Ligand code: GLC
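To begin, one chain is listed below as C-alpha cells, in the form predicted on its own.
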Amino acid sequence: MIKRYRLGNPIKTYATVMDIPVEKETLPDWTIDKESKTLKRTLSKEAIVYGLGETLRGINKRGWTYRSFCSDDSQHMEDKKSLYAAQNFFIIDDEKPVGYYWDTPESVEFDIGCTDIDTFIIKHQELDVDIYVCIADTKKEIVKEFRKLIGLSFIPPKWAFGYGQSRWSYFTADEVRDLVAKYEEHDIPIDSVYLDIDYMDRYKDFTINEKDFPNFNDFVKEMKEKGVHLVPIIDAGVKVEEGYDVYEEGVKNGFFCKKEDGSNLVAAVWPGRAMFPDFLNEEARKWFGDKYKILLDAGIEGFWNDMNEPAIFYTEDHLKEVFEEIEKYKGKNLDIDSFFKFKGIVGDIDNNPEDFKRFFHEYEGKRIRHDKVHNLFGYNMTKSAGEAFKRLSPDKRILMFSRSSFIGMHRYGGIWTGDNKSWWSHLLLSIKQMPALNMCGFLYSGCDLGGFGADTTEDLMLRWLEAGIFNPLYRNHSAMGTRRQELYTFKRVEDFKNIVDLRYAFIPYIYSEFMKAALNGEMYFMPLSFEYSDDRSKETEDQLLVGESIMIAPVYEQNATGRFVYLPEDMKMVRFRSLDDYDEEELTKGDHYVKVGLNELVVFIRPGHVLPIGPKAKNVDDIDYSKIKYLTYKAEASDYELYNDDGLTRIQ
C-alpha cells in the first residue's frame, strides 16, 4: 500500500509513474515545524535506516547527515554529506518497517541521529514536497511497492555486462587498437572500451577528433568485428564557438539556460567557455537527444553521460568578480586571516553555490531558478538521451549510464558511482553502496574498479575485480596521470585473466538475476537483513546477497589472506582459483575464518539454491549457453529458472 502526503506546493519531478491521491490527514509519526522547515521523528535504539541510494558511509544510515544535492566532488571523504545523486527513498526498520520517498528537487538534509542520536530530522530549503509512504510486511515487499511507484528499471544490452576497459587519456585510435590487441594477446575477455573526452574535437559534444581518430565509422566497425564496443562520453556543457553547429543551433532556438536578464549563461567546463542546454525544457531536451544520432549512425551502441550535476569550473560573471576581489589584495601583507580569505576566493571558484542561483530554466511553462531544481538536471540529460533512443533505435537496446542522477532517471539509464580513489576504504564503500542503489531502482550500477584517482596497486586491483565480480557494470576506469590499470600491465596477469574468465562464467547467472529483478521490481543486491532477521545479519554490512542463490563476502583489506565470514544459515562455500580449478565445502551456520588467497574467489551458495556457471568465453556473444553447468546445494539443477534472451531487443 502507498499513501501520498503533500506539504506546500512541490515542483513536479516525474520521478513516479503512478497517480496516487493526496491524503487529507497529516503525515503520521512525524512532527512538522513549518517555521524551521523541518520534520522530526523519534528513532528507537534498535531502529535501522536503509536507503538514500548513492551515499558515503554504511548500509545502516544512522549516525550521519546526508545532503540530497547532486555534487561534482571527487574527494569522497567520510566527512562529505553528498555525492552525485539525489535518491530520497529510505526505509525505517523498527518494530515494523516503513518506506518513505521524499519527492522534491530541492536540496534536502537527512539528519539521521547525527545531531540527536535518537532523532531523525529532515531539513528543507522550502517545505514543498510530496511524501510517499510505502507500507508492507517486509522490507523486500516495501521496495517492490516503491518500484511499482517509480517504474521499471533501465535494461542495457547484454554485452554491457562484459568487462570494460576505460581510462581518461586514450588519446588516439591506435592506442585503443594496441590496448585491444594486448587483451587478445593475453587471452583476457573484453567487451567494451570507453572513450573519455579525448576522442572529441577540442571537447565538443558530438564531434570527433579526426586527427587522432581518423575514419571514425570504420574504426567503430573494426572494433566491433573484434567483439569490442566503443562507448564514448557525452558532457553537459556545450562549447561556445562560432561555426560549431550544436552551439549555433542552441543559441538560435533559445535552448540554453538563461540568466535573469534573459541572456545565455556562460560557464566553463572542459572546453573552457560553455553553455548548458536547458534539459528541463522539453523542446531543448528533444533537440539535444537527437544529437546522439550522429554517433549512433557511426555504429556506436552505448554512451556515458558525465559532468551533469552540472559541474561548473566557473561562470563568466563569477570569474570577473574573483579577479576584482583578488586585485584588492595586491601589495598587502597577507596575515593568517587575509591569506585564507585570499586562498578561498580562488579555491571556491568551481561549483560555487552562488553560481547555481545565476541561471534559470523553462520548466512546465514557468521560469524557475536553477538551485530550486538543481537535482533534476542530470536526470533530464539522461532522459533526453533515453527518449531519443526510443525514437532513433526503437527496437534495439542502447547502453546508457550517468554520473548525476535522481530517482526517475533509473528508467533511462544506470549509474556509476563517480570519481572514487584507489583506496582500500573505497573498495569497502563500493560494496556497501550497491544495495541502496538497487532499492532506488538503479540496478545497472557499478564503481570504477581499481579506483579512478590515485595510484592503484596490484593486490588492490585484484581484490577489487573479485569484490565487484557480480556488479552489473564491470568497468576498470582510471584518471590521467595515475598508474596504468589495464590488466596486462600487472605482473600476475594470469591471475587477472582467471578472475575475468570467472566474470564471464557468472554472466548467465548475473544476467538472469538482473533481468528478474528489473522485470519484477526487485533487488539484485540485498543486505543480509532483508532475508534474515537475526541480530548479526542486521549488523553485517560487508557481505551481500546477490540474486536468489548466493552470498558474497569480499576481502577488502590490504595484505589480508582471509577474513571472518558470518553464515546466517548453512551454506556451501565454493573456492575458485580459476574457472576449471575450484573446490566445494559445506559450512554450518555461524562464524568462520575463511582463507582467501589473492588469486582466489569465494562464493557461498544458499541451501535449496543453484548457481549456473558458463564456459570460457572471449566476450558475451561467445558464451555458449548449451555448456552451462550447475553448482547446487540441497537442490537440483532443475530448481533454477534461468532467464535468457537475445540481449539486444528493447523490452520497455
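Quick note: we count residues from 1 along the sequence shown, nothing fancier. Please read these numbers as outputs of a predicted model, since none were measured by experiment.
Another form exists, predicted in complex with the ligand; not displayed. Remarks below refer to it.
Student: Check 444, 513 and 519: does every one of them have a heavy atom within 4.5 Å of the ligand in the predicted complex?
Tutor: The answer is no: none of the three residues contacts the partner (heavy atom, 4.5 Å cut-off).
Student: Taking 4.5 angstroms as the heavy atom distance cut-off, pick the stretch from 534 to 542, 460 to 468, 303 to 311, 278 to 286 that is near the ligand in the predicted complex.
Tutor: Contact criterion met by 303 to 311 only.
Student: Note which of 553, 129, 92, 233 lies within 4.5 Å of the ligand in the predicted complex, where distance is taken over heavy atoms; exactly one does.
Tutor: Looking at 553, 129, 92, 233 one by one, just 233 meets the 4.5 Å heavy-atom criterion.
Student: 170, 474, 247, 416: which sits within 4.5 Å of the ligand in the predicted complex by any heavy atom?
Tutor: Contact check passes for 416.
Student: In the predicted complex, does residue 566 have a heavy atom within 4.5 Å of the ligand?
Tutor: Contact with the ligand, no.
Student: Could you confirm whether residue 406 comes within 4.5 Å of the ligand in the predicted complex, counting heavy atoms only?
Tutor: Heavy-atom contact with the ligand at 4.5 Å: absent for residue 406.
Student: Just checking whether residue 509 would be counted as a contact of the ligand in the predicted complex - the rule being heavy atoms within 4.5 angstroms.
Tutor: Looking in the predicted complex, residue contacts with the ligand do not include residue 509, since no heavy atom lies within 4.5 Å.
Student: Can residue 329 be called a contact residue for the ligand in the predicted complex at 4.5 Å between heavy atoms?
Tutor: The answer is no: residue 329 has no heavy atom within 4.5 Å of the ligand.
Student: Heavy atoms within 4.5 Å of the ligand in the predicted complex is the criterion; list the residues of 253 to 285 that meet it.
Tutor: Heavy-atom contacts within 4.5 Å come from 270 alone.
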